[in-house]
Structure formats: structure tokens, C-alpha cells
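In the block that follows, a single chain appears as C-alpha cells, in the form predicted alone.
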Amino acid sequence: MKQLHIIFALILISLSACAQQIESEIKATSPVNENYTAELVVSDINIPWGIAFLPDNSMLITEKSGELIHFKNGTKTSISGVPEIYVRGQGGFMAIKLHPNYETNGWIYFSYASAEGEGDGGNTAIMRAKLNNNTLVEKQVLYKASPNTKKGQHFGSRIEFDNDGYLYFSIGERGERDENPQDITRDCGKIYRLHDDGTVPTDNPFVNTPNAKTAIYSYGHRNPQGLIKNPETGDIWEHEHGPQGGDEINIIKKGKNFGWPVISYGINYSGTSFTDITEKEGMEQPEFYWVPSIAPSGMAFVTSNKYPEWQGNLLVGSLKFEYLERLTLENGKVVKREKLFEKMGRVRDVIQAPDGFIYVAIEGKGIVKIVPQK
């Protein structure tokens, strides 16, 4: 009887694993985009990393090389007063986000690679500033990861606010796979949470842990380049680059360990394995993962009535395969994938603007607007 119980338990484990694998290997179809076209609205930007819309519907665009562009009425203006940017590998001028009460307080938030602080090289920093006559003023560095390193990979980084006004941001593990992401006394490979002024909330999960980085909210991350609030639930959703295979979507939870690099659905770029397990007690499973990797960047929930068949869906950019991916959700789970606008270019960011239109940042091109066809 004991042997039968063991055999039955093994069968259940196998079926559970298979079910999860099938769900996460939903094949992306390529529908004909008869209802929408991609219209280039801002041209000639090399790597437009992030987009934010001002109340007048003009755009602020970060250029990875270190420029902040204001696009209004067909004209691009370079904003002065940008912090000194450490441009190396994947690092540069990255995310941009307006404060939820921007019209009242004027705060704009940025993530960028910075050489300030301990050690040679650079690491990810978070700044807030105000815009006055095309100049950044009242600049305040809210967080600077340490130590610096000359490695060029995995800076992250995205910025988001939750319904309570907390500031979340991501920093990649900076290529230090075995040192940073599982160690809460070290920066990098983490999602952080602060008050909007940069102070640490007293209820952050590790404020009473000796030597911990108290701004950490979750850990065990690789290189998160998607961070967005789910408008229905208020949860913070994140996606991150895996190695070869194993890009993930996660719902961020307080104090949780998301497993990198102890568990993963990916392998080394060389084709060799770095871990034999995809799950472990005390580590979170992804909500969804991609095999093969699509190299996700940018993420937006669609709520606009301008795209009725997309409402409630999630849009994710693919750097590797140069398309926009539409993920259909049911009860918070991915049930369908579609490739939109194949070969549009390396998608760096996607955002739903206040006017309801979706805009996509594409490397080597600029910003395109997804226009419904009547």
C-alpha cells in the first residue's frame, strides 16, 4: 500500500509539472493586423528607453545615451540639467515616470546608470526632479545601488507607483548571478519600495533584518525591464529577462524570493545547465514564463476603449524577435499569446497614454502610435 501511495504521489507531481509547462509554452500566433496600424510619430531616436506623457499630452522620452527629449507639436527639444549618465553596455538613461500627483507637485522620476559612489564603473540610481523651462531643477537622488562595477549587463530598470503612492523600482543583478540576487545585504537583483521622497517605509520587509538593504521589497530577480500596476487589482506586475529561456512574469509580493538563480526555466547561453531545479520551497513560481526567451522590455495593461478586443490584455515588447506581444488573461493567467506588428524593430517600451492611445518605443526608429482603423 505504501508503494502505491508513493507511485500515486509521483504521478500527481508529474501531471502538475506538465500542466504548468503547457501553460507557459503557449505558442504565439501571428494574426493579420487588419484593425490597427503603427504610425511613426517621433523619428530619429537611437534607443528610446522610456516614455512619459505630460498633462498636455506631450512626451518626455529618455534616450539611452543620456538625452532627455521633450516632444511637443511635432518638435523635439533637448532638456538640460540631465544627471551625468554612465553609458556602458546595457546601462544608460533608462526609465521615466511621472508622480501620480504630478499636476500638483511636478515630480518626475528617472532611473539611470551612475558612476557616483563606491568603486569604479557604475550602478543604477533613482532620481526625482522638476521641469522648468526645459531644464531639470530640484534634482534629488533617492537611491543609488552599490558598489559600482564595470560590468555592462543587467542594470534593470523600471519605475512604478502603487495605489497607496509607494514608489517601486527594479535593479538587475549586474551580472553577479551568484552574489547579489539571493543576498539581501547586497544591492542588485531586487525590487525596491520607497516613499515618494526616498525614505524607507517602516513596514518594508527587511527593516529589522541586520545589515539588510532596507529598501528591498522582493529579491531573487535577474534583470527586470517591465514593471506595471495592474489597474484592476492594484498589484505590481514585473517581467524579467531569463538567460536562454526562462523570461518570467511575476506578481511582486512583500519579502518574497523569486528564485534567481537557484530555480529557473532557462539555461546558460552556451547551452549548458546552471541549475537542475525549477522550483524550491520558499521560492515563488512565475505567473508565466517564455521558452524560448523573447527578451521582454516594457509592459502595459490595456484599458482603453480604443482597442476593444484588447481590453484587459497585457502588451509586452520583444527585443529579441522585434514585435509587440499581446497576452490574453483570464483570471490573472495567460491563456493566449499573439505577435503584433512583426519586424517592427527592437521594442524597448510600450505605454498607454492618457488619451487612450498606445505608443511603442522602437530602437533605431523612435516612437510609434498604434492607430485603430475605422
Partner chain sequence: MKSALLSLFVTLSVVFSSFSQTDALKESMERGHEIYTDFCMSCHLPNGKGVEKVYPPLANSDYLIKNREASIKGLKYGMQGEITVNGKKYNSVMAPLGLSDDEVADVMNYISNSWGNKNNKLVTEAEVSKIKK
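What you see is a predicted model, and the numbers here were worked out from it, not measured in a lab. Numbering follows the first chain given and starts at 1.
Absent from the display: the form predicted in complex with the partner chain. The rest refers to it.
Participant: Just to confirm, with a 4.5 Å cut-off on non-hydrogen atoms, which of V291, V207, V87, A115 contacts the partner chain in the predicted complex?
Facilitator: Partner contact (heavy atom, 4.5 Å) among the options: V87.
Participant: Which residue, G152, P83, P231, G121, has a heavy atom that falls within 4.5 Å of the partner chain in the predicted complex?
Facilitator: Answer to the contact question: G152.
Participant: With the cut-off set at 4.5 Å between non-hydrogen atoms, does K339 touch the partner chain in the predicted complex?
Facilitator: Close contact is absent here: in the predicted complex, K339 is far from the partner chain, nothing within 4.5 Å, heavy atoms only.
Participant: Spell out, yes or no, whether the shortest heavy atom distance between G364 and the partner chain in the predicted complex is within 4.5 Å.
Facilitator: Because a heavy atom of G364 falls inside 4.5 Å of the partner chain in the predicted complex, the answer is yes.
Participant: Does the partner chain get within 4.5 angstroms of any non-hydrogen atom of K320 in the predicted complex?
Facilitator: Answer yes; at least one heavy atom of K320 falls within 4.5 Å of the partner chain in the predicted complex.
Participant: Whether I26 contacts the partner chain in the predicted complex should be assessed with a 4.5 Å heavy atom distance threshold; does it?
Facilitator: No, I26 is distant from the partner.
Participant: Go through 275 to 283, 128 to 136, 68 to 76, 143 to 151 and give me the stretch that gets within 4.5 Å of the partner chain in the predicted complex, heavy atoms only.
Facilitator: Stretch 143 to 151 is the one.
Participant: Sequence order please: the residues of 242 to 256 with a heavy atom within 4.5 Å of the partner chain in the predicted complex.
Facilitator: Read in sequence order, the lone residue that approaches the partner chain (within 4.5 Å, in the predicted complex) is Q244.
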